[in-house]
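Take a look at this one chain, the form predicted alone, written out in C-alpha cells.
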C-alpha cells in the first residue's frame, strides 16, 4: 500500500468517526431546536395540587410545571402545553411521543428510572392518609390496612400509593382506584372507602379546601419512604435532559428554585440533599 493510499483511507476513517461521535449531540440539538420551533414543550401532568394544577381558564400551574416552564424559557422554549394523564399512562404516553416530558410528581423508582431519563430531583414528599375524624379503624400504615379485613383504601391508578398498598398485602379488591382527589374525598365522605392516600402536600391541600371537620389527616404514613420526583424525559433525549439539569442547577444555586417551589409548601433543601443516582438506586 503506498503512502498516498494509506493517508486517503485514514482520512476517510477519521471523517467517519467524527460523524459517528457527532450524531448523538446533533440529535439532541435537533430535539431542542424542534421544541424552540414549535414554541412549547408538551408536558404530562396529573392535576394534583400542589404538584400540578389546571385553573378554570386552562392555565397550568403547580410546583412541577412552574419549574419546567422557567427552565424551558431559559432554554429558549417559550411555554409549556399540558395534558392531564393518569400516572399509569404517563410513561407509555412519553414513550409513544405524545409528551415531550412528564412534570407531575412522578417519584423516582428503579423501574421508572429504567424506563425514562429523569432530571435531578425537583419535588420531595412523603405519604399521608385522609380518614374519618378520630381514625376509627386506627390506620397509620399500609400494613394496618392489610391487617384489617374491613379497611378499604382509595388511591390513584398506577400511582405510588396503589403500589405501596398492594406491596403491604392489601388485597386487590380492597384497593380502589380513584380518578382524582375530589372523587377520593367524596368516596371517603360517603363511606365507600375508609382511607384515601396521597402525598402529604396533596392530601393537606385537598382537605384544607374541603373544610370538612369530619375528615382528618395522618402524616407521614408509618413505614412509607420519602420520595423525590424529577422531570422525566424519553430515553434517547438524555442530552435535552442534561441541558434541563444545567439550568436546574443554576436555579438551585441562585435561590430562584426555592422561590418557585417553597410557596407551594415544598422544601428546596430536601431536593438539594439527594441526587438522581441515589434515588434511582433506592429500593
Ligand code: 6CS
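Remember, it's a predicted structure, so these values are computed and weren't measured experimentally. Positions refer to the first chain, counted from 1.
The same protein also has a form predicted together with this ligand, omitted here; what follows describes it.
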Contact of residue 257 with this ligand in the model of the complex (heavy atom, 4.5 Å): no
Can you tell me if residue 104 lies within 4.5 angstroms of this ligand in the model of the complex, counting non-hydrogen atoms only? yes
Tell me, yes or no, whether residue 87 is in contact with this ligand in the model of the complex, where a contact means a heavy atom of each within 4.5 Å. yes
Residue 160: touches this ligand in the model of the complex, heavy atom cutoff 4.5 angstroms: yes
Suppose contact means a heavy atom within 4.5 Å; in the model of the complex, does that hold for all of 100, 230 and 233 with this ligand? no
Heavy atom contact within 4.5 Å of this ligand in the model of the complex, the stretch among 169-177, 183-191, 75-83, 104-112: 104-112
Hey, which residues along 195-222 are within 4.5 angstroms of this ligand in the model of the complex, non-hydrogen atoms only? 198, 199
